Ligand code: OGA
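For reference, the chain that follows is the form predicted alone, supplied as structure tokens.
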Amino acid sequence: MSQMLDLSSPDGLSAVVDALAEKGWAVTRGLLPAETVARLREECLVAHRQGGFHVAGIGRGGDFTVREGIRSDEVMWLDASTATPTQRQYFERLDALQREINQGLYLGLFEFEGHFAIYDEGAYYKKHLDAFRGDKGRVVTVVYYLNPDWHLGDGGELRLYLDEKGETDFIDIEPTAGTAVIFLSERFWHEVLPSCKDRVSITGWYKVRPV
């Protein structure tokens, strides 16, 4: 895997834009301080214990279905208008990245939607694209990991396919706390490999206005 970009450095955001322009994806660290990452994880786990999550499905609106054998994670959607102070820190950093991407790539991104995601031991998400049929709204995907002490052999890697058909050329990215994977939503097939222990993340998408 190519060098991980450091978003805490002065040129970190612009480096992500350069990577998106050159190859369409970037793996980063330093989006938020470690203590903020830990608080996000705790908020996610507390909400899960309190019953705030639901079984994830595929599609949206009238096409939404829960499909066993495709994905087995649970999610809770986030709302910037009711976000906790810790969640607002996350949204503020994403706002800064959105401005940088729009300035550098003219993508016309106008909002971010995202959710907490929990993969229990053994959970997975089969190969897919982050684009709904007939909906071109999602343009850039951001996956942010909240898993401390993740080690080789724990599973749960994001497998990002680099070839056009999503068949042979790929990289596996460990879901280590503080790592963010950013990529063009309609371009890259990807999957979550089965996890050997509970796996926590925030998954979201920068969107453009509907035509």
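What you see is a predicted model; the values in this text were computed from it and never measured. Residue indices: 1-based, along the sequence shown.
This next part talks about the form predicted in complex with this ligand, which is not shown.
Residues with any non-hydrogen atom within 4.5 angstroms of this ligand in the predicted complex fall in just one of 93 to 101, 78 to 86, 137 to 145, 106 to 114: 137 to 145. Residue 125 belongs to the set of residues with a heavy atom inside 4.5 Å of this ligand in the predicted complex. With a 4.5 Å cutoff on heavy atoms, residue 158 counts as touching this ligand in the predicted complex. Using a 4.5 angstroms limit between non-hydrogen atoms, residue 203 touches this ligand in the predicted complex. Residue contact check for residue 16: none of its heavy atoms lie within 4.5 Å of this ligand in the predicted complex.
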